Ligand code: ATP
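The chain that follows stands alone, in the form predicted alone, written as C-alpha cells.
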Amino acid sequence: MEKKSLDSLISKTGLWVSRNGHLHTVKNCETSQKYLRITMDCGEMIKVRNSKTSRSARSLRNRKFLKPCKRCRVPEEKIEEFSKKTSNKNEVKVTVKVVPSAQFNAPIKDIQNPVLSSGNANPANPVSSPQIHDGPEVQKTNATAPPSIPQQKVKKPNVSKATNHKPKQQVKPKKTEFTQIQKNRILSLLGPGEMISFAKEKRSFKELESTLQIQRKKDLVSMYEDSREDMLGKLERTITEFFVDMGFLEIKSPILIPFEYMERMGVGEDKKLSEQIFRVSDNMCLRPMLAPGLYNYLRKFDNVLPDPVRLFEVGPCYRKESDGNSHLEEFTMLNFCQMGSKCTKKDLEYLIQDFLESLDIEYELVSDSCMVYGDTIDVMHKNMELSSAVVGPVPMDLDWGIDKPWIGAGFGLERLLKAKYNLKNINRAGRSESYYNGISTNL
C-alpha cells in the first residue's frame, strides 16, 4: 500500500506529533511545493518537509505519541480515536504463563511436565505432593485427602544437580553501531581538528548528534560575537596585503573570457582538458585559471612599468573537477608572476617560502610536469598539492607576445585553508551554504 504524504495524514487526523512525542491539535496547515507550515492550537508553529518517510509521517501513520499537549487541550474522543486506529493485520496473540524461575532457566525437555522434573513426584498422580511425616495428624490429613485438589499449590520441584544448569551470563551492553548515513552526518558536524572513533563511541546516534549540534551553535555564536569575518574573504585580504607590500601590482581580469585564450594556453578543442571547461557559448567560457589575464597584462605593461614587472591576482575560477575532498568546481585562485630581471628558480623559491611562512603552512617542493607549462615545481602539503610553480620562458609565450624571462605560481585558496586549519574536506573552505568557516550550518 502506498504511503501517504505528511499533509494527507494531517488532513485526515487533524493532529500532529512533535519531536518530543507530544500530541497537538492542528489549527492551520499551509502547503508549498516541498514544505508545510503548521500552526498548533497551543500557538506553536513549525516548518517541516512534506515527506512520506520522515519521523513525523511515521508517527502519524503508526499513531505513536507519549502524551497530549496540555495547552492544546486535545479532546478525549480525539485521543481515543487516534489511539484505536491501529491495524490488526499483523497482530499475534500470545498467552503468558507464569512458571517458577528454576523451570524458566531449565532445558525445554525438563519443563514440558514441571512435576516430572522432581525426583519425589508420582507419575500416576501429577498433582499429588510428596508426603511429609511430621506427626499423626498430618498423616491422617494426607490419608483422607482427595486424589486431586484443584486449589492445592504445587510445591516448587527440587531440581536435580544432574540437570547441569549453567549460571546466568552477565549480558554485555550492546555495542553502538552507526549506519553510513549516520556516520556521514556525525562527520559533517565535527569541528575543524575534531576526530571521532565510531568503534569506541558509546553514545547513541541521537545523543551524539544532539551534543555536536549544541557545540556547533555555540561556535557560530562565538564567531558572530568575536570576528564576523569569513575565513576565505579574510585570506584574500591577507594575501592582497602581503603581495602589495612585496611590490606587486594587483589586477582584476574578466571571469568571462574568449575560448581563444584557452587555445593559446594549449587547451584546445582536441585536448582532454578542454572537457573540464564551462562553456557559455561557442566562443566564450568561464575562466578555469588566472593565467590568461596575467599574460595579457604582462604584455601591456612591458616597457611601461619599471623592471621587473610584478603582478598578482586573486579571484574565482571554474572547472569541472572530479569528486574528492580536495576538488571544487568553483574555487578561488592566487596567481603571481614576475617578468624581467631576478627571475631565477631561487628567486621563485624565496617568494614561495616568504608567502607560506606568513600563513604558517608547512610545505615541500617537488619537481613535476604538466600539459600546459611542461616542467613545474609542485608545492605540496602532506599529500595535497597547493600550487604549481613555473620558471619561464615556455613555448606558449610567443602566442601572448612575451619574450622575457619570468617566474610565477598559482595557489588554490581553499586548499590553503584546508591545510592551515586541518579541515576534513575542501567544501568546508569554499563558497558554501552548508558550512561557515568550516562549521556546519545544517543544524
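Just count from 1 along the sequence shown to find any residue number. Remember, it's a predicted structure, so these values are computed and weren't measured experimentally.
One more form of this protein should be noted, the form predicted together with the named molecule, which is absent from this view; the next part is about it.
Participant: Considering Leu212, Met333, Cys285, Leu235, which brings a non-hydrogen atom within 4.5 Å of the named molecule in the model of the complex?
Facilitator: The option sitting close enough to the partner is Met333.
Participant: Just to be sure I understand the contacts: of Ser59, Ser388, Asn50, Thr39, which is the one whose heavy atoms reach within 4.5 angstroms of the named molecule in the model of the complex?
Facilitator: Checking each option against the named molecule in the model of the complex, the one that comes within 4.5 Å is Ser388.
Participant: Closest heavy atom of Phe65 to the named molecule in the model of the complex, within 4.5 Å or not?
Facilitator: So Phe65 does not count as contacting the named molecule.
Participant: Is Arg319 close enough to touch the named molecule in the model of the complex, meaning at least one heavy atom pair within 4.5 Å?
Facilitator: Taking the distances in the model of the complex, the answer for Arg319 is yes, it comes within 4.5 Å of the named molecule.
Participant: So, Lys78 and the named molecule: in the model of the complex, are they within 4.5 Å at any heavy atom pair?
Facilitator: The answer is no: Lys78 has no heavy atom within 4.5 Å of the named molecule.
Participant: With a cut-off of 4.5 Å between heavy atoms, is Ile426 one of the residues that contacts the named molecule in the model of the complex?
Facilitator: Contact with the named molecule, yes.
Participant: Do heavy atoms from each of Pro192, Lys418 and Asn422 fall within 4.5 Å of the named molecule in the model of the complex?
Facilitator: No, none of Pro192, Lys418 and Asn422 comes within 4.5 Å of the named molecule in the model of the complex.
Participant: For the interface check, one of 65-73, 23-31, 50-58, 410-418 should have non-hydrogen atoms within 4.5 Å of the named molecule in the model of the complex; which one?
Facilitator: Of the options given, it is 410-418.
Participant: Heavy atom within 4.5 Å of the named molecule in the model of the complex: which residues of 325-341 meet that condition, in order?
Facilitator: Those in contact are Ser326, His327, Leu328, Phe331, Met333.
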